[in-house]
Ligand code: MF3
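Quick setup: one chain, the form predicted alone, written in structure tokens, and binding and motion questions come after.
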């Protein structure tokens, strides 16, 4: 939980900009008829064009540059030429990049074309849960404040938060302390100090919170077959409050 220096934060902003650029382009390309392998190739080529390194490729043996999880897949879906996106699919895109030795990490969930009312509500609720978690990442707060805010937001919308996977610190390594659960009690856990950088990433299910991992050893799916959505930002805790390093440029 070593706070980042001003120079290190600058490099992480650079990484965050690459992540956001690539993620936005992949999200725009996620249309009916496209394979998830095509989206993976786009993610890797654009990352390298921007002078960055895909953070996920080869990490703990992961075989692709981006995680693409469709419908009941919660996280860590492996891109495939056989997985063709269809109208109404709920597509989670999780992507990381390395710039000058520092990581950025973000996730976005999109609906291909027009989704069901449940799918649209789930995606909106998960985005709102991320916003609630980010807002709680304030100096002298606690990690538990973030999880409590995420859980409160998601459950108020009628959905459930995944327990098995959590957010994390981030910096020179993709995963650093502390863990950042998407549930919990306010006022608990490590203190949030200026310079701490966190990947806050709610994974929210339309049904029950339970998940299981497929035989590929990576893809996690909902136990009950319900839809799932995933949003994530890399966030720096500053004296003035949370700074989103993977924010969409406006």
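Positions refer to the first chain, counted from 1. Being a predicted model, the structure only gives us computed values, none of them experimental.
Beyond what is shown, the protein has a form predicted in complex with the ligand; the following relates to that form.
Contact annotation: residue 73 falls outside 4.5 Å of the ligand in the model of the complex, judged by heavy atom distances.
Residue 175 belongs to the set of residues with a heavy atom inside 4.5 Å of the ligand in the model of the complex. Contact annotation: residue 168 falls within 4.5 Å of the ligand in the model of the complex, judged by heavy atom distances. The ligand is not drawn, but in the model of the complex it has a heavy atom within 4.5 Å of residue 94. Stretch 62-70 is the answer when you ask which of 25-33, 181-189, 62-70, 207-215 has residues with heavy atoms within 4.5 Å of the ligand in the model of the complex.
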